[in-house]
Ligand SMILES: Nc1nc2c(c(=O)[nH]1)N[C@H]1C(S)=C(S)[C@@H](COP(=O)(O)OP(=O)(O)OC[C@H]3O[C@@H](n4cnc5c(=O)[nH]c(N)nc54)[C@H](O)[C@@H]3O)O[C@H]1N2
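We begin with a single chain expressed as C-alpha cells, specifically the form predicted alone.
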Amino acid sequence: MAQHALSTCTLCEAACGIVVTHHEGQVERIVGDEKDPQSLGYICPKAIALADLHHDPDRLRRPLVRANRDEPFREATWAEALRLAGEQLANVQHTHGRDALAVYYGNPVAHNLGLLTHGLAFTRALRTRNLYSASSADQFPQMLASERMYGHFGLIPVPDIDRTQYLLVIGANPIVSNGSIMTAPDMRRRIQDLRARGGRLVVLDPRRTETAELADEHHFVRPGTDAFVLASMLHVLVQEGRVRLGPLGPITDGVHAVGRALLPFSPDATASQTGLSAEVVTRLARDFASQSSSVAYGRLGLCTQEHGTLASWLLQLLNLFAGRLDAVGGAMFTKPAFDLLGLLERVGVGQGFDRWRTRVRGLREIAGESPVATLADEIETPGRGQVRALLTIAGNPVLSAPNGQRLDRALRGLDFVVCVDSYLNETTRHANVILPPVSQLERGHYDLALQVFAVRNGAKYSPPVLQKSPGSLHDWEILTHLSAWLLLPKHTPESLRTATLSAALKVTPEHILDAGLRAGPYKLTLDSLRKNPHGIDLGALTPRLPSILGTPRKRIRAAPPRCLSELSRLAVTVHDLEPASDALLLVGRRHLRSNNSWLHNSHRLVKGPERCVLLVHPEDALRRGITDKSLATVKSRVGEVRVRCALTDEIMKGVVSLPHGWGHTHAGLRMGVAQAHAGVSLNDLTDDLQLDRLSGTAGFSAVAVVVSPASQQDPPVLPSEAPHE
C-alpha cells in the first residue's frame, strides 16, 4: 500500500512543504502540502523533480576511485574509498602545510541539515586559508555590508513582504527564485496580495524579468550601475530633508558623513551612467519615502558587479534613511527558533574581515573564506602555500566560478582531488575519489540557514521520506569519516582513530538540532516539531533592534570607513562615460526549472523550448547581422562560446543575457540528460579579474562581450578536453 510522507523541498530557498506518495521505495507522486503554514500548498516544478533526482540512474550510489586520473574510475567499497581519500588529503597537508589543501563547498550546503551542523565545523577545523564557497560568487557583498553596519555577516534584513505597501526590487527576480536571502514561498501570490491591498511593485533591472512583468513600473538600468542609482535616491532624501530614522536615530552613527559623501550623486549627474532619467530617480526616491510602508530589496544582480558591496550598503541605507529598517512593512530581521548565527560563531564562521590576504592576488579574507575567483591562481602559482589538493562538497566550481575554462585547466594539475557529490560532473570528473551521499529524500531536514531569512517566523522538521539504502552514507557521515584522518595526528593508532570516529558518529544532526531548539527563543524541542509535521507558525516578524546588533555598544554604523572610501572613489567616475565600442554588456539570468548547475539531469526540468539562449535586443541584433534563432559567437577577454540567439525587447539595448549553470559539454561526464541539453557556460565568458573591490566577489554582471554571427557549419566552441573515462 502506498504511503504518504510530509516533507520539505530542499531545492531552493523557498523551502516549500510537500507530500510525497511512495511505495516500496518508489516515489509515485509529489504535491504541495496545503497545511504548511509557510507555503500553503504552493510548489514549483523543481519540487516534483525530487523524484527524478532520487531515481536518476546517473546518480552515483557507490564510491568511485582511481589512483591516477589518466585511468578510468572503478567502484570501490566505502572502507577503501574513505581510507584512500583521508590518507592522501592528510598526506598533502602534512607534507606541504595546511594551506596546500583547498576546500570548496556549494550552495546545496545551505539546504542540508547535516552539512550545516557537521560540515562547516569540519572545514573550519582543517585550518586552511584556501577555503572557498559559492558565497563569494553570489552573496559576499550583502554579508559584508551587514557585518560593517550591524556587526555580523548573517544579520541581513528581509522584506516584510506580506505587510508592505511599496516593494522596490533592484537586480533580483523573486518570482523565479521565490526569494533569495528571503525565504518566501509563492512570491507570485504575495505580489498579487500586495497589489490587491493597494500596494505597488517597482522593478529596476536591465531585463524585463518575470517579476517585472507583474510590476506597476519597470525601468531598464544599465548593468553595473546600481550603486549610482541608489546613491542618487539617497541624495534626494538627504537634500530634500526626507531622512527619517525614527526610533533608530538614537542608536545610529555616521548619518551626516554619509550625507556629505552623497553630494556628487545628484540624479542629473548619474543619469548618463545608469540610463535612468533624473526625473524618474527623483520621483522614485520621493515615492519610496512617502509611503505608509516601503522596502527596497536587491539580490544577485546587486552583488555580482564591480560595486557589489557598495550597492548592498547603499540599499541598506535607503531602508534606514527612509525609516523602513526594523519597521513593520519594511526590512526586518527574522527571529529563528534555532540560533544558527550563534552556532556558526562557535565553529569560527561569521567572524573576521581582512585578517589576511590571499597569497597570489592579495584579496581580502571574509569570514574565514577566500574569493573563489582566485582559486585558479592559488593552484597554478608555485611557492609556499600553493594549493596541491582539493576537497569539494556539493559544489561544481568549473561551472560556477568565473573564467571556468581556466579553473578547469588548473584542476588537472592538482596532486589529489576528493569530491563529496552525487554526480560525475564538470568538476568531479577531475577527482581521484568521489564519495556519493544519500539522496535528498533519504535524509531528515530542518532549514537551519533559510529560517534565518524567512519572511515569517516558523519551524519545521521533516524526517527522511525513504530509508537510506544499505551501505550508503549521509554526507555528514562521510565528512566525519574524513575527519578521523584529517583532524587527528598522522601517527594516531588505528584503535584510537576508530574509537574517536565511533564516538563522533553518535552525535547526529538531530541531536544538535534538538539542543539548539531547546536553547532558542521559543524553547521548542525536536519532539514538538515531530508532533507538528506540517510545521509551526511562530508569527509575523517583529522589531529586534538594537538587541541583536553585534557592533560595539550595539549601534548601527551607517558610515563604515571602507564603504565611505569606496563611495568617494565612485564619485570620481560619476561623470565618466565609457568610449563608444562594439561591446555589449553580458548579464546572467535564472529560470524557474533550473537551479545553478545541478538540476539539468532531470528530463522533467529541461524538456520544452531551449532555454540556454542568448537574449539580444532586436536593434543590437540588426546592427550585427544577427537574426532570431541564428547562432552567434560571443567573445569576452577570457573566452568565447557559440550559442543560439533569441531576439526580444525584454532585454535593454546594449545588453545581452545568458542563463547560469549550463555548459555540460566536457568529456567524461556521466549525466546523460544534461549532456543532451548541454547549452554553454556563462562562466566561460565571465572574467576572474573583474571583481567587487571590497569583497572579491566575481563581477558576473556587466561583462563586456563582442557578439557576431556564427556560421551553422562552424564547429562548436568547446572547452578543452581533460583526461576522462
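All residue numbers refer to positions in the sequence shown, first residue = 1. Note that the structure is a prediction, hence the values are computed from the model and not measured.
What comes next is about the form predicted in complex with this ligand, which is not displayed.
Using a 4.5 angstroms threshold between heavy atoms, residue 138 counts as touching this ligand in the model of the complex. In the model of the complex, no heavy atom of residue 38 sits within 4.5 Å of this ligand. This ligand is not shown here, and in the model of the complex it never comes within 4.5 Å of any heavy atom of residue 563. When contacts are judged by a 4.5 Å heavy atom cut-off, residue 421 counts as touching this ligand in the model of the complex.
The single contact residue among 163, 299, 235, 359, judged by any heavy atom lying within 4.5 Å of this ligand in the model of the complex, is 299. This chain is drawn without this ligand; in the model of the complex, the residue among 670, 54, 69, 46 with a heavy atom within 4.5 Å of it is 46. Picking from 513-521, 119-127, 396-404, 375-383 the stretch near this ligand in the model of the complex, with a 4.5 Å limit on heavy atoms, gives 396-404.
Within 4.5 angstroms of this ligand in the model of the complex, the stretch 653-685 places a non-hydrogen atom from each of 660, 682, 683, taken in sequence order.
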